[in-house]
Structure formats: structure tokens, C-alpha cells
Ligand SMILES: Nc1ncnc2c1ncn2[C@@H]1O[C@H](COP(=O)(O)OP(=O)(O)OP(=O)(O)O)[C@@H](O)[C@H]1O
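Single chain ahead, written as C-alpha cells, the form predicted alone.
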């Protein structure tokens, strides 16, 4: 899979971009705040519909404009080639697949597969649980459109159920009205938990091997899913749902008193360990960074295995934070394997043999040209 053509209109600081990247390694070089990260963000949006940094869609539109678009023509190995487009026109977001407008934004997810790794990804390891849940949701959605749909349903149920819990707290009415919401909460929630467990088990095996290579067999990586209620070894939707339902019964009074749903996938977490040490609490910044890199490269291999073709690899200003061995391992990992975009402020981190094979582009004030 590779992006043959990328077109931006009034996206971030790009007035108009019509860009034909190389099929292999693409190096985007330029000073800070010129648009390098914005270009990677546009690609990521085409894969996930989500922004890497913006809290509001208005931030994605070039200043002074009413709307903006990102679009790409994508060559795929196992499926027919596809053109994708996202239109930002707050409060609406529109998508087109092969020029046909789609009603559901989630229809876009999975058409293009990407793996993004940037300096902020260390926060997946050391940050709040919400960041780890976001990682799970975005990456599983890329390989499972059904997960994306069930997740959206679950979020709506949590919102409605929380509203009812607050009403019950004020009115002291019969809590039997929660029953239909409990049914939906446990139905969608059990599906999400089952898929998350499966995903983490698969990615953990891959990440262990990668982490061992990155550290010269000096450290042992391990990750584990931490649900908000004990699963007791349950692995199927049926078993998980039974435990979920029973736990809700025991928490009924407390949930009404607090006016919120206290358990479920929206409260789950992931534990990362190095040599059985909690990396979030006790790991050095270097260990946290290497753990994040192992996780992201494992994600790449898992998507490649599931989709039977390599995703597009996006590396945002990470080379300066890595030592020579880890930089070389990334180049060896991606060489002749996938289309890769790397942003940097200079070319000193690249060996001559890498530069000879790469397509190098200067990025200045929202303009991209061959170096």
C-alpha cells in the first residue's frame, strides 16, 4: 500500500498541495512550523478520521477559510486502488470514497492503513489511561470496521445511561428504568473487551521480540490489558457479558449516587512492564521511549499481517531522540517494505546510503518541493 498522490486544500497552513511522494522512503526536511507535521497529520486523518493534535475541527482549516480538505489516491496490493477524501466544514465532517459521498464518517476507517510514531507517543506509556484507550480504539478500528461501529454505539449508550443515572439521583425513582441501558452497555462493552484482549495478546508477542532486538536482549517487555472489573479468565463475549452484568448489579446504588457508569471499556487501561517493572511509574525516559517504539513497530507488523500488506509508516521528528542503533533499526525495518514519511530539520541523521535511496523534499511555509 502506498500513497500515489496527496492533495490538500486550505488544510492547516497549506493553501494548496498537490504532492506525488515516492513509493519508499520520503524525507521531509525544513525548519519548525513549516508544515512537515501537518502533512503527516493529513495522511493520518485519511486513515482514522481523527486528528493527531486538534481539539476542534476548526483548527484544521487554514485561517480565514470556511472549509478545508485532505485527499489521497492510494495504490493497494490486496484490494482495488482507492481515492479517499475528508472535508472539514464545521460542525460537519464529510467523506468521499472513490468520489462517492458517504453518510457515515466511520466508513473511511480501514481504507488506508497507517502507523504514526512521534515524540508525543511516549505519553501512551507514561500518560493518563485515556491515551492508552485511544491508542487501542484507533488501531483496532483500522483492522476491524465492526469494532469502530460497536465502539460508537457503546459511547452513545454510556452517554445516555449517565444522563439517566443523574436523573435517578435527583428523583429517587425506580432504578428498573436502567435495565434496557444495562443490556446495551454489556452487549457492546463485552464485544469491545473481547477484541481488546485479543489485540493486546497478539501485539504483545510481537512487541516482545522487537523490544529484545532494540535493547540487545537486555530487557524483557510485557503488556497486559487491565479491565475495570475482574474477568476471572473469561475470554468470550458471553462470559465477559455475564461478569459485566453481575458487577453492574453490585454497583447499582453507587452508580446512582455518583451519577456515572463506573465500569466498562471506558474505564479500562493497559499495563506496560520492563523486567516486571511498571514502566509508567519507574521506567526512565529512555525506557519509556523504547517501549513506545516497540509498541508502534509491533502495531505495524500486526496490521501488515492482518491486512496482508504493509501500512504507510509516519515518523514525526523522532530521529533526534533515538541513538544510532535504533535509527538504523528503523531504516532496516522499513527498507523495501513500505512507504515511509520521516520529518526532520536537517539531514545529518541519515547515512549516505539511506539518502541515495530516499526521496527528499524541502518543506517551507506550506509548500513542498523536491530537494
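Remember, it's a predicted structure, so these values are computed and weren't measured experimentally. Numbering follows the first chain given and starts at 1.
From this point on, the text means the form predicted together with the named molecule, which you will not see here.
53 is the sole member of 53, 337, 346, 325 with a non-hydrogen atom within 4.5 Å of the named molecule in the predicted complex. Think of it this way: in the predicted complex, the named molecule has a heavy atom of just one of 307, 61, 319, 313 within 4.5 Å, and the residue is 61. Screening 328-336, 44-52, 66-74, 26-34 for residues having heavy atoms within 4.5 Å of the named molecule in the predicted complex returns a single hit, 26-34. Although the partner is absent here, residue 351 is not a contact residue: none of its heavy atoms lies within 4.5 angstroms of the named molecule in the predicted complex. A residue is said to contact a partner when one of its heavy atoms sits within 4.5 Å of a partner heavy atom; residue 13 meets this definition for the named molecule in the predicted complex.
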